[in-house]
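Heads up, the chain below is alone and in the form predicted on its own; it's given as C-alpha cells.
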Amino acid sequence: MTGKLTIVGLGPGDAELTTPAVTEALRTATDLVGYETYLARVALRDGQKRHASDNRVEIDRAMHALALAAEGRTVAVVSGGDPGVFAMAAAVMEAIETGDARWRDLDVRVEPGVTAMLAAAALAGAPLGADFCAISLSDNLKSWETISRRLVAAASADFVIALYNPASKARPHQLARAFELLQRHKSGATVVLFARAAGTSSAALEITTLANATSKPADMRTLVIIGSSTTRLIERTAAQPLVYTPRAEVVRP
C-alpha cells in the first residue's frame, strides 16, 4: 500500500514543546484525524483536511484514519502529550490487529511527544527522579476494582505515582476515593502535587501532603503526582519549594 499513517503527540500545550519530527509529520499530512480539542491546536495548511471527532470514539477514529491511509492518503493521527501514553497509538494498534488485514501492510509510525507527567514534573523540580509509575483514574475502559488494585500495588511498592485523568464531570469522586485508599498504605506526610495546565503559559502548581489533599483542585487538565517515602521538598525564601525524589535508595536501619 502507498498510504502512510503517523501517530503524533503535540506535547502538553505550548508550541515550543512540540517536537520538530511531529511538526514535520503534521506539515506533510494530507489528512489530520483526532479529537476536536487537539486538532484545534494544529494550523490547517492549504489542501489539508481535518477529521474531528468526540473524545470517546478512539477505535472508530483509528479505523477511519487507517481507511484513509489505505486509500493512499498521508494521515496524521493527532494526540495531546505523547500518543503512546493513554492515547491514540494503542487505539491504532488495536484497530490494526482486529481490523482489515490489509492495514497491516501500511507504513505506520509513531512520533513521541512530551507527556503530561513530564511537564508536571518539570514544573515542580524532579519528583520522578527515582522509580515511578503512571495510572489513569478513568474507568471508561477498565473497572474501578482494577484501578484500586493497581493503586495499592504501587503504594505498597513505594513508587512515585503519576495520576492521569484524575477527575471529570462524569467522575467527580474518584480522586478522593484514590486518596482515601492511598492513605491506608502511605504516610500522611507524603508529598502530593497538583499540576494544572503544565507545559502552558497558564501552568499552576499546588504542593500539599497526602493527609491534606482533596480532590477540589483537580480537573481533566490536572496531573497529580503522589511522592514516594523519599520524595522531599527544598524550601526557598523567594520561590516555591523544589520537589525531588533522590535517585539512590535510602537504606533505613
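Since this is a predicted model, take the numbers as computed values, not measurements. Heads up: residue numbers just count along the shown sequence, starting at 1.
What comes next is about the form predicted together with another copy of the chain, which is not displayed.
Contact with another copy of the chain in the predicted complex holds for all three of Glu16, Ala89 and Arg104, each having a heavy atom within 4.5 Å.
Shown without its partner, this chain lists Leu205, Ala67, Leu210, Ile59 as candidates; in the predicted complex, only Ile59 has a non-hydrogen atom within 4.5 angstroms of another copy of the chain.
None of the heavy atoms of Ala176 is located within 4.5 Å of another copy of the chain in the predicted complex. In the predicted complex, Leu182 stays away from another copy of the chain, with no heavy atom inside 4.5 Å. Although the partner is absent here, Gly125 lies within 4.5 Å of another copy of the chain in the predicted complex, judged by heavy atoms. Under a 4.5 angstroms non-hydrogen atom cutoff, another copy of the chain in the predicted complex lacks Pro166 among its neighbouring residues. Residues of 132-151 lying near another copy of the chain in the predicted complex, listed in sequence order, are Phe132, Cys133, Ala134, Ile135, Ser136, Leu141, Lys142, Ser143, Thr146, Arg149, Arg150, the criterion being any heavy atom within 4.5 Å.
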